[in-house]
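Here's a solo chain for you in structure tokens, the form predicted alone.
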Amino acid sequence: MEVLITGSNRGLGLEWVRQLAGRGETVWAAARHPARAEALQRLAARYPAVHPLAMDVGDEASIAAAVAEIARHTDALDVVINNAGVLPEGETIANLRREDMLTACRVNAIGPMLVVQHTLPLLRRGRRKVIFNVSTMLASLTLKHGRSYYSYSASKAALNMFTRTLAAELRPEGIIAVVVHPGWVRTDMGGPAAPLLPHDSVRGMLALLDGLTLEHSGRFWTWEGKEHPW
């Protein structure tokens, strides 16, 4: 498979690269500053099919340039994994900042849709044709009872709606689009108290990815392959 992964420099994105490369896939590993991403560069040195790529998902010109670079080397992508995200911390109604809310929406919701828009010609020529958007249980309206993470929760809920709409539009072309809760994972974003290791989360999501069909499209899944409440 030919796979594009955003946010590949650390955490879940880096683990996606590690596991996909380990089984022989071609990986376009996008990050804002790939030359500074030492762990990613080590994987690229170990696996010739890992291609670090500069992409800022909050900047459409950067997205377009990165996809143009991919298109210079391949005429198809099988999977796009929108993994990059931002998490404004410590939000309350008293300290909400317009710029934080806009940044979260730009990176967590709008960015993935622009990545899909620019990669769609390549996806249409792929064998698998999967859009795999990493969301969160915090985006679930049904389960949202906490008083924090205003920007993150709302922007990921927007991603969920964007993906459901996208799935309906692209279904006639055989393109699958899903959103997935990766679990509470022990990364820089998830924090040291998180119970789930990146290796286990990605292993579960990879099994889900491998089994996806059009029947799964437009639905919200967990890393364990179970359906998640909206």
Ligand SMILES: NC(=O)c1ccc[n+]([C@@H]2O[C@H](COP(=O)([O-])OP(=O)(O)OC[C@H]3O[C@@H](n4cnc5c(N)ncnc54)[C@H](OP(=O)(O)O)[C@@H]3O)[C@@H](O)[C@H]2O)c1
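None of the values given here were measured: they were computed from a predicted structure. One-based numbering along the sequence shown.
Missing here is the form predicted in complex with the named molecule; even so, the following discussion is about that form.
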query: Interface membership of V130, the named molecule in the predicted bound form, 4.5 Å heavy atom rule; finding: no
query: V185, heavy atom within 4.5 angstroms of the named molecule in the predicted bound form; finding: yes
query: Exercise: Y152 in contact with the named molecule in the predicted bound form, heavy atom 4.5 Å; finding: yes
query: Proximity of L12 to the named molecule in the predicted bound form, heavy atoms at 4.5 Å; finding: yes
query: Heavy atom of each of V57, A84 and T136 within 4.5 Å of the named molecule in the predicted bound form; finding: yes
query: Listed residue that, although the named molecule is not shown, lies within 4.5 Å of it in the predicted bound form (heavy atoms), from M113, V107, A157, V79; finding: V107
query: Heavy atom within 4.5 Å of the named molecule in the predicted bound form - residue from R171, R203, R164, R32; finding: R32
